[in-house]
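A lone chain, given as structure tokens: the form predicted alone.
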Amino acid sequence: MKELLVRLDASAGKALYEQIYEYIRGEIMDGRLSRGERLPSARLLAQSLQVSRSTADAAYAQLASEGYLSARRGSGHYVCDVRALYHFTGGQKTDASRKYPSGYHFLPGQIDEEGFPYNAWRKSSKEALAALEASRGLLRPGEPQGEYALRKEIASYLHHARGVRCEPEQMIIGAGNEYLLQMLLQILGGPCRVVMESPTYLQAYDTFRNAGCPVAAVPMDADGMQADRIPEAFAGTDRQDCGVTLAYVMPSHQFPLGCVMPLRRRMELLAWAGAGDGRYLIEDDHDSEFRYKGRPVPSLQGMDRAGTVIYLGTFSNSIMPSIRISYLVLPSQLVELYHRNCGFYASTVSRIQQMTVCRFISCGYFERHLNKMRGIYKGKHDCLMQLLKGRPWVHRIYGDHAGLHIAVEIDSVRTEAEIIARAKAFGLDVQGMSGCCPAGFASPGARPVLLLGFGNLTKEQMQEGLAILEQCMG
């Protein structure tokens, strides 16, 4: 048992227990207190430092809560194994936030940057620039709805890849899904009642709420939104005044749970939408490009015969998040409303960016890129699933076989917030299910649920990250 030579300064403006805590933490971080080493009892520490027993107890309790010490009943406090969190070389400390490269984390929505076809993108950009210069269109603002050539390429791709049936005239190009959702509400004439899956995609929820829409949760089961529960969403409230009701769904890969909606449930939603005036489904085709088992289920829009599905897609994950190009496909009867209510808005995406994507698709680079990335992401997905296999803290996994993240239900004495905070202290960002559950929206269970994105991680980073999380559980 090692004596702790803590120098306390009552005039330092910092509580004595904090000074003791910081000293012991520093000794552990620097390797001068080694794994498994027993510390003096709180009584002996208080005597040697001439402080109260409660001061020593408070310092030990803080260290134990953060995972530096473990308390053994009747035996004392011992230094924890922090090798996964700190690496020691020559007495110098290197914490996890400095060890990992910038941007290393388990957050969902990250792409593999090494697999991006930079040469093909540069070539597409150069050719797009040359074409715009030759047509004297480089300095002109372009079409408000988005460049026709790009809309035509996207419509063709969506038809053969997702079964979407549309003409370029039905499509609007915009800078991100949130912008297009705001425009959609203006097309429809103002705030609408909105029902969303529970839990849900928080950015869409916030967009609707900020626009003044009443938003209600509809319970999910393993197949997604339960269509027969939609009528009760606004029951007992005074929010019956809006003429249009939107149901926002993500049938191809629901965020955050990752379930894929089967054909039967899709038909039930279409039947609900077609049974009343002013009902529309917003199909956010989230991560539809990345499915690792079985054949992709066709889009809702492709099954729609009543003109009730509004299709929303983006290139954020399939090409890159920074590109900020999304597209909205309107039912034919809403196109005239778009021109009347919103046709005066200028496009929010530059012509050169649009035409670069157009060339990237038309020259076949996009298809080849997707085929390559499906293989890469499947390998990462399978690797993470294998690394999670057999870990005692993994209670259940949601959303495997599709997308760029999985949801893991945790067996732990700690809350979701505590696990996330402890991981962040060691340089590892991770998102919890609670971030997808605003007031009135239910989490899938009482246990903590973490969303583990794997798109930009190597196997080694996954191993290190899971080791950190494991330390944060106890």
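Quick note: we count residues from 1 along the sequence shown, nothing fancier. Please read all numbers here as calculations on a predicted model, not as lab measurements. Think of the rigid core as the biggest set of C-alphas that the two forms share within 1.5 Å after superposition.
Another form exists, predicted in complex with another copy of the chain; not displayed. Remarks below refer to it.
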> Out of 397, 387, 230, 138, which one falls within 4.5 Å of another copy of the chain in the predicted bound form, going by heavy atoms?
Replying inline: 138
> So which of 161, 376, 342, 303 gets a non-hydrogen atom within 4.5 Å of another copy of the chain in the predicted bound form?
Replying inline: 342
> Does the 4.5 Å heavy atom contact test between residue 459 and another copy of the chain in the predicted bound form come out positive?
Replying inline: no
>> Taking another copy of the chain as it sits in the predicted bound form, is residue 320 near enough to touch it, meaning that at least one heavy atom pair lies within 4.5 angstroms?
In response: yes
> Are any of the heavy atoms in residue 179 no more than 4.5 Å from a heavy atom of another copy of the chain in the predicted bound form?
Replying inline: yes
>> Please tell me whether any heavy atom belonging to residue 206 falls inside 4.5 Å of a heavy atom of another copy of the chain, as the geometry stands in the predicted bound form.
In response: yes
> Among 35, 357 and 363, does every residue place a heavy atom within 4.5 Å of another copy of the chain in the predicted bound form?
Replying inline: no
> So which of 289 to 297, 388 to 396, 117 to 125, 244 to 252 is the stretch with heavy atoms within 4.5 Å of another copy of the chain in the predicted bound form?
Replying inline: 117 to 125
> Does anything in 322 to 351 come within 4.5 Å of another copy of the chain in the predicted bound form by heavy atoms, and if so which residues, in order?
Replying inline: 322, 323, 324, 332, 341, 342, 344, 345, 346, 347, 348, 349, 350, 351
> Is it true that residue 19 shifts between this form and the one not shown by 2 Å or more at the Cα, once the core is aligned?
Replying inline: yes
>> Is the shift of residue 42 between this form and the one not shown large enough to count as movement, that is, does its C-alpha move by 2 Å or more after the core is superposed?
In response: yes
> Your call: residue 422 and residue 57 CA atoms, closer or farther in the predicted bound form versus the shown structure, by 3 Å or more?
Replying inline: farther
> Since the CA distance of residue 59 and residue 422 differs by 3 Å or more in the predicted bound form, is it closer or farther than in the form displayed?
Replying inline: farther
